[in-house]
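Here you get one chain, nothing else, as structure tokens; it is the form predicted alone.
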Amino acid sequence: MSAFTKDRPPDTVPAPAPEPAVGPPRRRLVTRRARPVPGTRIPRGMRGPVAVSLLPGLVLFGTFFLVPFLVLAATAFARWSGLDFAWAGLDNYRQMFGDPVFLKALGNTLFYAAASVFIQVPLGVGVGMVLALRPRGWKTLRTIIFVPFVISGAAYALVFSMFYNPRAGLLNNALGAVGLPGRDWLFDTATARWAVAGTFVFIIGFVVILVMAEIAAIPGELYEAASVDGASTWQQLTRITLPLLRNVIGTAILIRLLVDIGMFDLVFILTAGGPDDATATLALYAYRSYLNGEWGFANAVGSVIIVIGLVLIVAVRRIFRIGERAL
């Protein structure tokens, strides 16, 4: 060390300045205008022709749906017999919910709806999945299963009225052949509701066709991959096919529920709501009110049916996520 540097403090190396913390790159919030989906905007100069083309449909919708709906909603709060009219507030609804026949009709309607949801639709889905495997004679079976669906409800009711006949009906004769007693199935309060439900829960042709069409649209690569991995036919049905049927099962349940809450012709021909209102439905209850000249009260019953239908539509759509893609 030289004399010049003897008393000089050693050079100190300045500590490097701390680097600023590096975080994730900031993103600039950019608001973009939503691009219109191609084909959804009306081209210039075409708005007039498009409006004219929609006009017949709007007129029909307003005439046969919107106007009757508004009349029903308004007259549900009135005492109306077709000629006399007087506002009654909520009296129709108080009378309705205090009537034990209405509660019985509501219970029967929900019972028929439950029979469709828990028996008819699962049975149709199971048969459709089996027929989709194309066993021997599957085309013939599909046709036989679908034929009852195209028969009118009135004709179907007449056929089953003879089937349940206590004296000459096929059911009692079959039971008698094996030593079992018969009974008046349609006019016994213990069996009437079950007998009515038994006439439609086995009409599964519509559900079977829906399921088979949906299964035909499932990509075959999924089943090929599952076969390579060693999946059995049962595993492919339960782990591939059934989950992918979510949309069509929800649709089938929704259609059946909407049909059942308005069920009229089948019950009217079979039992007319008897015995002791054991088979009456909401639609039949409203029909009786119309016959009695209580049009406002009948429309109040109709508004309850509409509300039940809307609740069922929203609930089924959310439970089964109808409309969302499965793949």
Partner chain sequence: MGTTRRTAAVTASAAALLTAVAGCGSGTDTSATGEVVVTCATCQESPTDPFLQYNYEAAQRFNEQFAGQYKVETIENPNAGSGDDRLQYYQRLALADDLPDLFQLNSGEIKAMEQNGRLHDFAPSLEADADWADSFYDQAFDALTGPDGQVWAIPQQRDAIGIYYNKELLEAAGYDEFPATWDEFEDLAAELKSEGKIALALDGDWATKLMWANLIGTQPGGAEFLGEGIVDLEDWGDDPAVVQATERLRDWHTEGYVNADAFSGDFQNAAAPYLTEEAATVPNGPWFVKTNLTPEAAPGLYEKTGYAPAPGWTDGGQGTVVVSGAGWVSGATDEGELEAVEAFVKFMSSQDEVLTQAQATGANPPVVVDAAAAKAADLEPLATGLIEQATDLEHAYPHARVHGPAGLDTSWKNLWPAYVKGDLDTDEFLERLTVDSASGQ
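Positions refer to the first chain, counted from 1. Quick caveat: nothing in here was measured; it's all calculated off a predicted structure.
Keep in mind the form predicted in complex with its partner chain is missing from the figure; the text below concerns it.
- In summary, the region of this chain contacting its partner chain in the model of the complex, judged by heavy atoms within 4.5 Å and restricted to 120 to 128, 88 to 96, 187 to 195, 202 to 210, corresponds to 187 to 195.
- Contact with its partner chain in the model of the complex holds for none of A217, T233 and G323, as no heavy atom of theirs lies within 4.5 Å.
- Put simply, P135 is far from its partner chain in the model of the complex: not one heavy atom of it is within 4.5 Å.
- Although the partner is absent from this view, W295 contacts its partner chain in the model of the complex, with a non-hydrogen atom inside 4.5 angstroms.
- Although the partner is absent here, K139 sits far enough away that none of its heavy atoms falls within 4.5 Å of its partner chain in the model of the complex.
- Contact annotation: N165 falls within 4.5 Å of its partner chain in the model of the complex, judged by heavy atom distances.
- Residues of 251 to 283 lying near its partner chain in the model of the complex, listed in sequence order, are G273, G274, P275, D276, D277, the criterion being any heavy atom within 4.5 Å.
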